[in-house]
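Shown here is one chain on its own, the form predicted on its own, set out as structure tokens.
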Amino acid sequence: MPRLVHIAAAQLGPIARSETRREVIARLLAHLEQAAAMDCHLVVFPELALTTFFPRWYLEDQAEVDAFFEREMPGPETRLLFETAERLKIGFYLGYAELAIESGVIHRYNSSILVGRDGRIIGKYRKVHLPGHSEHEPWRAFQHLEKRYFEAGPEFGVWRAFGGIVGMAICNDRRWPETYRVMALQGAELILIGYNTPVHNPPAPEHDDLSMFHNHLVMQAGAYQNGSWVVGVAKAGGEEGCEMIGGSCIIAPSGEIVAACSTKGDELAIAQCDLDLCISYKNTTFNFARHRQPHTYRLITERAGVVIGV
């Protein structure tokens, strides 16, 4: 019997720096309502979906930076998202900036959560592969200071949810093959990824014309090589003078894009995803137990004097 999950990739258009949480959350709620009306089970929002992409600015006042962070989830302003999810019986993935106090120490992460159809948090992920730089680089048209504002998360996990095994990643994570492989080795059948990606790459402008090709390439390869569904969802369009790619899509374990957004605004792309489609890939071409030779990889890398994730 098929294990069907009706998924909505909930792309967001630009979020202005002046927009309030309440205004942004109203847009997310509209996505939830629209997706529920089309019998979706799960809505996937972008990275840092509650605010503009603030790492594009060099800010010296920590209080100004911390205004972009959530101190609890759900909090006073986000609680309505959870209540609406419970009312509509629809789950969601949400990317946000997390300020956590652990053992008396403040930590700041680029995080995402997975929320079930009962409005309860199933799991939390903290971004592992932080891109960009940590100091002000005035020559850039805009900054990319994730290394300054966030610390890296510890690991990739998976959770049993929506009838299968679900993993989460964020933006730059999608470019690294070990992201998908580590989750696939834990049985992941559905990998959810939110992103904010500028068209222009200041250190390598020769890549600009390939930004959408590279965006889809890495997610399609990750889906196929690991026999998993992948859902990649953007915040897109011209945001505070920075043009961001869209290209939100849902990718089958075959590597095929089965649904995609066609604009750079608020939009849903919807697909009926059968998690059982993972089985033929995981049991044949990418049967890790039969075909992977991790001991051989270690020997090869040791001889080369490098260490890679296998």
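Residue positions are given as counts along the sequence shown, with the first one as 1. Since the model is a prediction, treat every value here as computed from it, not as a measurement.
As for the form predicted in complex with 3-methyl-2-ureido-butyric acid (CDV), it is not shown, yet the points below apply to it.
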**Asked** Would H144 show up as a contact with 3-methyl-2-ureido-butyric acid (CDV) in the predicted complex if we use heavy atoms at 4.5 Å?
**Response** yes
**Request:** Could you confirm whether F45 comes within 4.5 Å of 3-methyl-2-ureido-butyric acid (CDV) in the predicted complex, counting heavy atoms only?
**Result:** no
**Request:** Evaluate T197 for contact with 3-methyl-2-ureido-butyric acid (CDV) in the predicted complex, applying a 4.5 angstroms cut-off between non-hydrogen atoms, and reply yes or no.
**Result:** yes
**Prompt:** Is R175 close enough to 3-methyl-2-ureido-butyric acid (CDV) in the predicted complex to count, meaning some heavy atom within 4.5 Å?
**Reply:** yes
**Message:** At 4.5 Å between heavy atoms, only one of the stretches 235 to 243, 112 to 120, 126 to 134, 90 to 98 reaches 3-methyl-2-ureido-butyric acid (CDV) in the predicted complex; which one is it?
**Reply:** 126 to 134
**Request:** Could you work out which of C171, A223, A188, M168 is the residue within 4.5 angstroms of 3-methyl-2-ureido-butyric acid (CDV) in the predicted complex, going by heavy atoms?
**Result:** C171
